[in-house]
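Single chain ahead, written as structure tokens, the form predicted alone.
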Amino acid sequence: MPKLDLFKFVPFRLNRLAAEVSLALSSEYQERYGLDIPEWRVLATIGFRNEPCSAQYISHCTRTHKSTISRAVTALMRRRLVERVENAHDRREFSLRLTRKGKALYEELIPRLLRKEKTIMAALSATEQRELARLLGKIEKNLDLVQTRQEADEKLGY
């Protein structure tokens, strides 16, 4: 039976890399703003859109379990960063949007995260960064992951 060299096994490498990048970014939003990773994912997904969205949409786009998203939403609502918006056509359904306080936090945080991303990506040339983005896109497509906001909206009906 062949041995598995974890350090050459792509799923292991991607997982390890994702964990380290996530940790590096979390230092920006955890220490300064008191957000954990799931809360950041909720805030980022809602902030990325111009209109409210469902917790199901956030769960699907971020590939985070719905119970984790639910807990994050509850915490963000307690801090008055996120609020629920009733569906005018079905009062049993609601969407989520950032409050004024949530928008201000999001707008303050995004430039910090973009600078951090730039620092992380500095190991690659501009050409390598474009190639990495292209290759990641191919893998995402192969795994049927949504890759754009438009695709997510169409696929999820939001």
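Everything numeric here is computed off the predicted structure, so don't read it as measured data. Residue numbers here begin at 1 and follow the sequence given.
Unshown form predicted in complex with the DNA; subsequent notes refer to it.
Not one of Arg97, Glu107 and Thr148 places a heavy atom within 4.5 Å of the DNA in the model of the complex. Comparing 62-70, 43-51, 129-137, 109-117 against the DNA in the model of the complex, the single stretch with non-hydrogen atoms within 4.5 angstroms of it is 62-70. Contact annotation: Asp36 falls within 4.5 Å of the DNA in the model of the complex, judged by heavy atom distances. The closest heavy atom approach of Lys101 to the DNA in the model of the complex falls outside 4.5 Å. Among residues of the shown chain, Arg91 is one whose heavy atoms approach the DNA to within 4.5 Å in the model of the complex. For Arg84, a non-hydrogen atom is located within 4.5 Å of the DNA in the model of the complex, even though that partner is not displayed.
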